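A single chain, nothing else alongside it, follows as structure tokens in the form predicted alone.
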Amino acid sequence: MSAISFELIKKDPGCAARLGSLTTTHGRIKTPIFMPVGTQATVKAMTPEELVEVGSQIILANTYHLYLRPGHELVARLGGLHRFMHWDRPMLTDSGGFQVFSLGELRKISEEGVKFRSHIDGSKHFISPEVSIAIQEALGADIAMCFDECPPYPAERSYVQKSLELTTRWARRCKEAHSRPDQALFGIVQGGMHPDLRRESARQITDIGFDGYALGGLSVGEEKEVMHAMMQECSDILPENSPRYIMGIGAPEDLVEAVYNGFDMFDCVMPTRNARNGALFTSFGRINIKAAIYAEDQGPIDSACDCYVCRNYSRAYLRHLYRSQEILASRLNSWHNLHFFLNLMKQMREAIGRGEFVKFRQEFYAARTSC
């Protein structure tokens, strides 16, 4: 039996958008959903209680970073990641593949796995499909991801072809190594920005069979039109009755396009990273709270937003906090941005429920003056 169950509740009549319900060991998730990123067992600047208040149903943690510090064995001894970080809702761990491959000259890829040096202290390490699964089983998230190779962009077609074939072989090894019955395992589709290779990878990964399926290797520098085209290429190939996940995308327009194309799950550091840099998301686009025009602005970040920050604090105060380098600036900015992202997903679920996602998409773009 699978550690999760996915119910397809409704499909929008005008596009591929879909409403679903994903049940895991730690609870039920309404999809489509955005997952805040808790890289090192924390979503930066937010407590678990605050994450619940802004609408988080599931969060993501990072295998690579937790393997290096504090170590997955320690987390396991302390009761697993949920207990360690005081999070009792669903959680997903990535495989560590993207972080390892981002190390550039600090890593060496082979059929067996990847040798690399820690970005923290330069120490030598090795992660294979089997090691990645062992780490994720020790961490104990509800959903684990297969170890894959994420090709750079741009890359020669011959390299991307070899990369997707290696990803497929590693996916088989991940499935064979995975043994934790209360943890689901998702396969990852690669193939770069080549439509035929994306379709080939999707067929290979679905032939192996997993609890869910993800698109990796997007939002790595490609043009928006190319990213959206890759979504379209894969949506019809991935099984309808399994959750579909696009890894690492977070721009609001990309989330809307992904839902429009029939995907269910998303993650990105964008809301919290932008918050720490003073960039705030609104219903009409993105604003830079550092700008002098907000120095005496008594209005909220977004008059259409009902989050705690918009109900209680002015743009002028938030600008003051940021320019004063106060910790509260990161906290309040992160609170607002996460609420915006999670509320956007709620609005999309409601639009699909009404059978009006096409209309929602049109109104979303019409309201935005910048992004």
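Since we're looking at a predicted model, the values are computed, not measured. Quick note: we count residues from 1 along the sequence shown, nothing fancier.
Not on display, but discussed next: the form predicted together with a further copy of the same chain.
No residue in the set 98, 135 and 286 has a non-hydrogen atom no more than 4.5 Å from a further copy of the same chain in the predicted complex. Within this chain, residue 84 lines the site of a further copy of the same chain in the predicted complex, having a heavy atom no more than 4.5 Å away.
Though the partner is left out of this view, residue 42 does reach within 4.5 Å of a further copy of the same chain in the predicted complex, counting heavy atoms only. In the predicted complex, a further copy of the same chain lies within 4.5 Å of some heavy atom of residue 46. In the predicted complex, residue 323 approaches a further copy of the same chain with a heavy atom inside 4.5 Å.
Heavy atoms within 4.5 Å of a further copy of the same chain in the predicted complex are found in one stretch of 147 to 155, 232 to 240, 262 to 270, 85 to 93, which is 85 to 93. Contact with a further copy of the same chain in the predicted complex, judged by any heavy atom within 4.5 Å, is made by just one of 296, 176, 111, 105: 296.
Contact annotation: of the candidates 228, 172, 276, 203, the single residue with a non-hydrogen atom within 4.5 angstroms of a further copy of the same chain in the predicted complex is 276. Interface residues of 291 to 318, taken as those with a heavy atom within 4.5 Å of a further copy of the same chain in the predicted complex (partner not displayed): 295, 296, 298, 308, 312, 313, 316, 317, in sequence order.
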